[in-house]
Structure formats: structure tokens, C-alpha cells
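For reference, the chain that follows is the form predicted alone, supplied as C-alpha cells.
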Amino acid sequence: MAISRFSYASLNVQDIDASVRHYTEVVGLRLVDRTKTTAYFQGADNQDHHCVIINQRKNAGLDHVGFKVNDRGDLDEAAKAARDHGLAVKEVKAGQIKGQGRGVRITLPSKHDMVLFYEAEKIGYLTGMENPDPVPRQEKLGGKVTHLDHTLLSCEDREPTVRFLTEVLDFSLTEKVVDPTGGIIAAFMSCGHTMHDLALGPGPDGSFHHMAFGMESRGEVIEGVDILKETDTPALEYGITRHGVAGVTTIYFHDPSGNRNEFFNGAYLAPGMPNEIDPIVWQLEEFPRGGFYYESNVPQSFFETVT
């Protein structure tokens, strides 16, 4: 199955005006379009219409995640494979999601919805499409994020979704955390060349843990922490830290509705071919170091706080 990359996350928020300010002035995304109840954002280094959608709703959390496929025919193939797997599938009409063509919406075993699509409206890079400067202008607000890199979703049993994504949609399992019996506590999966596009961790079915925005250097992550402090943005108990998993420099924080975001830098590249390389395995007793390398301790709120 030729899924090329993680494209966007569609989140529910309780105050759309406050959330628009957060994702532009704190995170540093560009506002592409908005209505009274929906707003679309994109990072600097992507031409597709959006990487984040926010929807005004009563409760915060995930509406769906969007993944781009390489060929129109992959949509029908994925829909059939999902139905054969016993999963619910809905047709998404062209234009139903602004800036996107036809898609298919699959409810994963974890109770999260995934939308696959092929066509997307092109808006160009932030620096322009003709004789561009190499970097965005200095007056740009927010963090120096380049792209939406991955999302981590929470569910009660990770293994059925891991099997579907790896065996049916050809994701690669790059790292996993296992209990003493070998059961999967957390899984990190890639559909392209990044270390993970989608991860699964413990929590209630259908819940949202975080989405991560990539930056080009550790220094830019530090600058991002300064922005969080200047704007009184709620952050994790730890300040800037590092994961053993993926080895990245990271800081977690929350949007006004409580949806968790991440600034990060430094993930390694994945092979780009499904199941070509064995995953890195973390034993559960070592996961505190894998989760937070400097502190060797995972705050209780880290997996308990989801939307």
C-alpha cells in the first residue's frame, strides 16, 4: 500500500479564536483559511493546503489524522483492505475537507479515524515559489517550525492497530516498548523516511496524546521554549529535555483546549521500505530512560493527560 506520508491532524478545540492565536503566534504556523468554526494551517516547508485543522467543538481531542497516498487507485485498495479487515470505512467527497480531493475515512481498531487522500491544493512554500529567500522573514511570529512531523494516539490495546498498519497499510515498526510478556506498550511507526509518522501509546480508545512540530536545530527548540514562557503557554513539568526513543530534543506544551503539542528536533531517518529493518526494542523497566533520557523518569501526567 503506497502511503507516502503523514499529512495533517484535524483537532477539536473549545475556543477557536484562542486556538488560532496559539497555532500562529506560539507554534508558528501560517493561517491558510478559516470560517467561524474551522481553521486551516500550514508549516513553512510544505506546499499542501494544510497540516493542521482545528474545529470548534464542545470537547477537545482528535477528529482524524490525514495521510497522503501515492496514487488514486490506492484509495480503493485501502478501502477494500480495511473492509476485509472488518473496519468501518466511509467515503469522503472531494472538497468535503477544504483543499483536498476525494478520500476514504477508516476507523482503526484503536477507534481513531484515519483519512487517506491523494489530491491536495497547493499553496506554495512560506518563502515563496519564485526567487525565494532561504529562510522566512524575521517578523514571522511563533516558533521556527518547518512541518508537522508525527502524532501519538492513545488506546487500550495497541497490537490490533499495529498489525493493521504494518501488515495491511505497510507501515514500518521502528521502535517499540514491550512488557515482560512481549506485549506492546507503545509503538512507533513510519510510512516514509522519518523515524515515526504515527505512534500508539496507552490510554482510552480514541484519545489524542500529542502532535509534534519539527524544527531544524536544537537551538530553535530552545527558542521555542522562550516563546512558551513569554506567552504563558502551559508546558510539561520538565523543561527542554531529550527522548531515548528517537534521540530527539523535545519540549511538550498545550493549546488553549488542552491538546498537547511538541517542538522537537533530531529524529533519525527510517529505511523507507516496510519491514526491512528490525525495530529497536525498549523493555518496560528501561522506558523511563527511553521516554525522558536526562531525567530517567516519566511524569505520571504524561500518559494520563490526553484529550
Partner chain sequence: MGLKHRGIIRLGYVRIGLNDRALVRARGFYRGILGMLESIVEAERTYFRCWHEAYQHSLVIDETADNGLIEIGFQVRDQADISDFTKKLRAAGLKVKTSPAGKPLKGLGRSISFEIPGGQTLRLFEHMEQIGYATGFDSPDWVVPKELRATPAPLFLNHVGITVPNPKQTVDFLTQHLGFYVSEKIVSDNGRQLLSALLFRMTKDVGGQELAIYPGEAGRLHQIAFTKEDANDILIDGQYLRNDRIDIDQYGPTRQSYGKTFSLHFYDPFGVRLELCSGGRITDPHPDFEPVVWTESNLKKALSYYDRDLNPRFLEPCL
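No experiment lies behind these values; they were computed from the predicted model shown. Positions refer to the first chain, counted from 1.
One more form of this protein should be noted, the form predicted together with the partner chain, which is absent from this view; the next part is about it.
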item	value
Single option in Gly203, Gly142, Gly192, Pro109 placed near the partner chain in the predicted bound form, where near means a heavy atom within 4.5 Å	Gly192
Option touching the partner chain, based on a heavy atom within 4.5 Å in the predicted bound form, out of Ala60, Ile251, Val32, Ile280	Ile280
Glu286, heavy atom within 4.5 angstroms of the partner chain in the predicted bound form	yes
Partner proximity in the predicted bound form: Thr231 to the partner chain, non-hydrogen atom cutoff 4.5 Å	no
Contact label in the predicted bound form: Ile3 to the partner chain, heavy atom within 4.5 Å	yes
Interface membership of Cys51, the partner chain in the predicted bound form, 4.5 Å heavy atom rule	no
Candidate stretches 255 to 263, 22 to 30, 236 to 244, 52 to 60, one within 4.5 Å of the partner chain in the predicted bound form by heavy atom	236 to 244
Full three-residue contact with the partner chain in the predicted bound form, heavy atom 4.5 Å, for Ser10, His64 and Ile185	no
Residues within 4.5 Å of the partner chain in the predicted bound form, restricted to 166 to 189 and counted by heavy atom	Glu167, Val168, Leu169, Asp170, Glu175
